[in-house]
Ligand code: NVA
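The data below hold one chain only, encoded as structure tokens and taken in the form predicted on its own.
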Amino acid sequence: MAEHLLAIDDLSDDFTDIISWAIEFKRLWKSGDEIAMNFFPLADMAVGSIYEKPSTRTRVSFEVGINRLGGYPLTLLKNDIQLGKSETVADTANVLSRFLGAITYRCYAHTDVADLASNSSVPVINALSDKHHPCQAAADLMTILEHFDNKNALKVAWVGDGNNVLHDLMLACAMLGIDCMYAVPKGYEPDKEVVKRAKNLASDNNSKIIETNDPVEAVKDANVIYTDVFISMGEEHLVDKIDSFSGFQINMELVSNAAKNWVFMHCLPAHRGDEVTDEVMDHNNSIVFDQAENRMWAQMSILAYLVDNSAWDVMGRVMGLEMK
């Protein structure tokens, strides 16, 4: 099993079980099941969450989820600690490992979270970096599997920037054998090394990763239509970037090319009127707020898996899952 989560394919050996566990645990917890509501693998454990970037969903979902698993969330904002300023990332990792049972890190540079993990003696979870967003992908696939019974007949379409969210979405789809087609403007393609990893995983699982520059082609017969902001946090100075995304807005005209059972997904926050219209965001087929909630349940499964794998495994079997 993985020691840390830096990219979603770090969980490739057990990803199906992690998602199934999250779906069933959510169902039981919401039904008031006593076993689920008293499952505390993080009992008396402090979990530190470091934030270089502002956060709504990541911070709230981790704090509440850690608490529900019996742990103590400790939120560390960028001005609270010396990380990367008067102290190296490696030294910070060594210090925090003496106090904490796990660390989550929302950062700019992926090299920083990789450095933190390589010097930490406790599990490190990438809560977002410029290259990967694995917790989002876990929530995304959890949400898709909640809404579609047969994953083998699905097509996921991405329309937008070739960014960190797309990276882990296509890796996650490939691990579950789901076809993923992405449309990006020329010059905004995803990282070639990540695409290669995704295609290798897709080949192993009888699915396809397909690239195009045509949003209509990507959305045609798609069951899931997914987008993100065209200008990400930290790119606000790139005011001309949005001009490259003409024709990439998710609107009802574009959606008309999708399968009849289409759903719309967005990792949020959404810039309504830019990458998506109000009509799509507020449509009955929009499942963006299910996604947002599932960040917590997916992260709870990941935390239990990494921190106390035996307890996570036992709980899975108690829930009736066929764990590996």
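So that there is no doubt, residue numbering starts at 1 and follows the sequence shown. Keep in mind it's a predicted model, so treat the numbers as computed, not measured.
Keep in mind the form predicted together with the ligand is missing from the figure; the text below concerns it.
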item	value
Proximity to the ligand in the predicted complex (heavy atom, within 4.5 Å), stretch among 195-203, 222-230, 115-123, 74-82	222-230
Contacting member of I178, L96, M142, V165, with respect to the ligand in the predicted complex [4.5 Å, heavy atom]	V165
Proximity to the ligand in the predicted complex, single hit among L128, A218, A138, L171 (heavy atom within 4.5 Å)	L128
Partner proximity in the predicted complex: A43 to the ligand, non-hydrogen atom cutoff 4.5 Å	no
Interface membership of L268, the ligand in the predicted complex, 4.5 Å heavy atom rule	yes
